[in-house]
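Okay, so here's just one chain, in structure tokens, the form predicted on its own.
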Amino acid sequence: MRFRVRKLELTSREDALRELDLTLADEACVGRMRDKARFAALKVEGLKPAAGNILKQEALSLGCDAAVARGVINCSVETTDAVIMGTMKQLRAITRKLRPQPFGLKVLGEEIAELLKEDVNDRVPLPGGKFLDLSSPAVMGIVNVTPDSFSDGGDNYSADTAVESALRMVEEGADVLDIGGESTRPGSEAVSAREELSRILPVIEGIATKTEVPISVDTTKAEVAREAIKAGAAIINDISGLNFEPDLAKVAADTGAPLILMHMRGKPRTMQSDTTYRDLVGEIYRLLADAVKLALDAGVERERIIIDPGIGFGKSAEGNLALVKRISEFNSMGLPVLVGASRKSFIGSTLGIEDPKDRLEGGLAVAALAVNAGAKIIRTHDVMATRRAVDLAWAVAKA
């Protein structure tokens, strides 16, 4: 007699319940088992050796494990990271085990418990009492009002052309329009706030009178963001993650505009000069977490914050591929994740395509992978094709 054995891809509670139900197991049994059917690994940074020792012993007592530095056993290291591995049931049990423990482990338990809730805000408040609905992935159309952006510089440099392009994107299915007046391609030079405003304000005003689709202003300048909001923009997209002008957070807090915080190493002019990371996702995650804290401290409500790992900004081609593969790790922050890979150079170098406008298929592949990984917003130059790819990827993810 032979049996058919196969691996199951159980990435959600719904997946686990479906497979357990198919066994015709007792309903009470299914309720107890659903968190045993899913495995997860959690990364913790900066534990004291004593805390690392306790964490490992508590994990082992529950039948799971925690990897810590070798020097933890004799306290020969100052701090240690830890990778905790176990079923969802075991990880929930760890949070209870850590409550009475010293060395900050009670706080760690609370952080793990919050993480395991798996909740991400899908209704982002906009100024004026409206909401950006992220219950299904949104598509953000890019309108660069610049002469020198890497793939579409000059295409929408006149206000009339830019407005026409934006309205066409709305017809094609854009949920958000992202208007930028300063190129952020590698090696690009900054422009003044005055020049940036002269480019984008006529476009924002022209779009706002013709559609209710939310407008995002792609800027790193507080002055530009404030004037753009007055002109009709509703979202601030800061590629610097508050590194250039922290006052951007105050503009978001004052106006009620959602704030997109992106990771970028250095400035556009220099960002590709150093693309080496010891821990790619870890370093990006930490800097985004710092940016989120800055925004919260400035008064921005957490439900109005969106994060972007910054594909193509200060990363090598290999780093960008790895980042796409690990997008799901950023869901741990409990905030909507935006992914923008449209026409980026790593697609060109991977596929051997020089002209950015010929990189559509690569961008669609990344969009589909990002949706499957839990991304809530896909930023793109090619709205119609991306809308279709996103919708199908979402249908598969929810099947």
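Since the structure is predicted, the reported quantities are computational estimates derived from the model, not experimental observations. One rule holds for the numbers: they count along the sequence shown, beginning at 1.
Keep in mind that the form predicted in complex with a small molecule is missing from the display, and what follows is about it.
S.K.: Could you spot which one of 260, 143, 233, 224 gets a heavy atom to within 4.5 Å of the small molecule in the model of the complex?
M.R.: The option sitting close enough to the partner is 260.
S.K.: Name the residue from 311, 163, 292, 215 that puts a heavy atom within 4.5 Å of the small molecule in the model of the complex.
M.R.: Contact check passes for 311.
S.K.: Kindly indicate whether 184, 239 and 340 are, all three, within 4.5 angstroms of the small molecule in the model of the complex, using heavy atoms.
M.R.: Each of the three qualifies.
S.K.: Determine which one of 47 to 55, 29 to 37, 340 to 348, 327 to 335 lies within 4.5 Å of the small molecule in the model of the complex, judging by heavy atom distances; exactly one does.
M.R.: Looking at the other structure, the answer is 340 to 348.
S.K.: Should residue 376 be counted as a contact of the small molecule in the model of the complex, where contact means heavy atoms within 4.5 Å?
M.R.: Contact with the small molecule, no.
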